[in-house]
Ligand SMILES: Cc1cc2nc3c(=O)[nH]c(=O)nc-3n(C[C@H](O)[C@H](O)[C@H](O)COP(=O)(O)O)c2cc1C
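A single chain, nothing else alongside it, follows as structure tokens in the form predicted alone.
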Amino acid sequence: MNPLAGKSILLGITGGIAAYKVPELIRTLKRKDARVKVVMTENAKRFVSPLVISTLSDGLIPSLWEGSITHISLAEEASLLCIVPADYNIIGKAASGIADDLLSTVISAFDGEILFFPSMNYRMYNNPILQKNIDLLRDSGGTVIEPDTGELAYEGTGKGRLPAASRIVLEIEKALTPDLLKGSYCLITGGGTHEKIDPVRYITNRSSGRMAYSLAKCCYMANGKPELIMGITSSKDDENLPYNLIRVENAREMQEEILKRWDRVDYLFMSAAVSDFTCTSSAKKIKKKEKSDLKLKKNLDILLNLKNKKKEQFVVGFALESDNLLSYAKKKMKEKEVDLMVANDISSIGSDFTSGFLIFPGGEEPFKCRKDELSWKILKRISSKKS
């Protein structure tokens, strides 16, 4: 799913050193098949060349008094209006209803969603007048994205740094994505659990964690509130996503973290590769021998032991098999009383691609796709069942 494909993004650039990052943002949006038109304030032109912006974009609108395109036509044709960076001045104008140049006039005429990305010195950002203006924008339906804390152009570090282009694109994609989850709390497990044999050895299941990270991104874009409980992974988490990440080592720790949150869960995605076996562990490293007996016992089943499920809670289980995939997955679905079972072929381990079946009451749907596409299939399926 590419929410940017074919969409028209109107980008407003204001004065501030962070304006130099906007060309990279435009290139990223264009790579995702968005159309980008740009309005610059006069101060913005001091920080980034209009020639660069006009070359990279689908058009730089000169000013309120030049050209045939009006502020009304700009507002009508755009899918989304984004102010990047949003300086102290434009936030104050927008909050106060001042329209004295092309950008502020477009803001006044735009009846769709407006995203503001503030960027300025931390002293200016912490100014109580600016904070009141931000509250006014939010109360009026605008979306104001919190700036990053980091190195600033002047006076070291503080809150006021423009987020990376990848984070800005994520917020734009979220604004253009259907509100499938309506603010629901989404708890996602992923990665493999480690069950200790001794201080240096363990039993585990292979898992990259990619499915969990993909689900988290899609849940966030669909206006869910994702939180991740992750075991050991070979994939890195997405630094752009504003979610809470809890690291655990073994199945018991994962179960404890789930139970702490279980009462407020709307959706549980149990994509973790929980180790099937455990054993009695040694406090000291076991010495290498010609032969050594390792007695395995069945590990706890987290889904099977979840109690007091509320009617409105929705649980997505995952099954991985090397043969008889559909029949084994259906059996697990019934035993564990999950609402949707994702049956994956064993070849999906460590890959961006996966194949298998979505199993739901009354039927199943085969899939063969990338894991991010599968995440969207899952979200569409569960949102249709709960709507």
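Start at 1 with the first residue shown and count on from there. Values in this document were obtained by computation on a predicted structure and should not be read as measured data.
Here the subject shifts to the form predicted together with this ligand, a form of this protein not shown in this document.
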(request) Have a look at 82 to 90, 257 to 265, 271 to 279, 184 to 192 and name the one stretch with heavy atoms inside 4.5 Å of this ligand in the predicted bound form. (result) 82 to 90
(request) Using heavy atoms only and a 4.5 Å cut-off, determine which of S214, S119, N250, S207 is in contact with this ligand in the predicted bound form. (result) S119
(message) Exactly one residue in N43, S355, T28, S57 has a non-hydrogen atom within 4.5 Å of this ligand in the predicted bound form; which is it?
(response) N43
(request) Although this ligand is absent from this view, report whether A95 comes within 4.5 Å of it in the predicted bound form, heavy atoms only. (result) no
(message) With a cut-off of 4.5 Å between heavy atoms, is G16 one of the residues that contacts this ligand in the predicted bound form?
(response) yes
(request) Although this ligand is absent from this view, report whether M124 comes within 4.5 Å of it in the predicted bound form, heavy atoms only. (result) yes
(request) Although this ligand is absent from this view, report whether F360 comes within 4.5 Å of it in the predicted bound form, heavy atoms only. (result) no
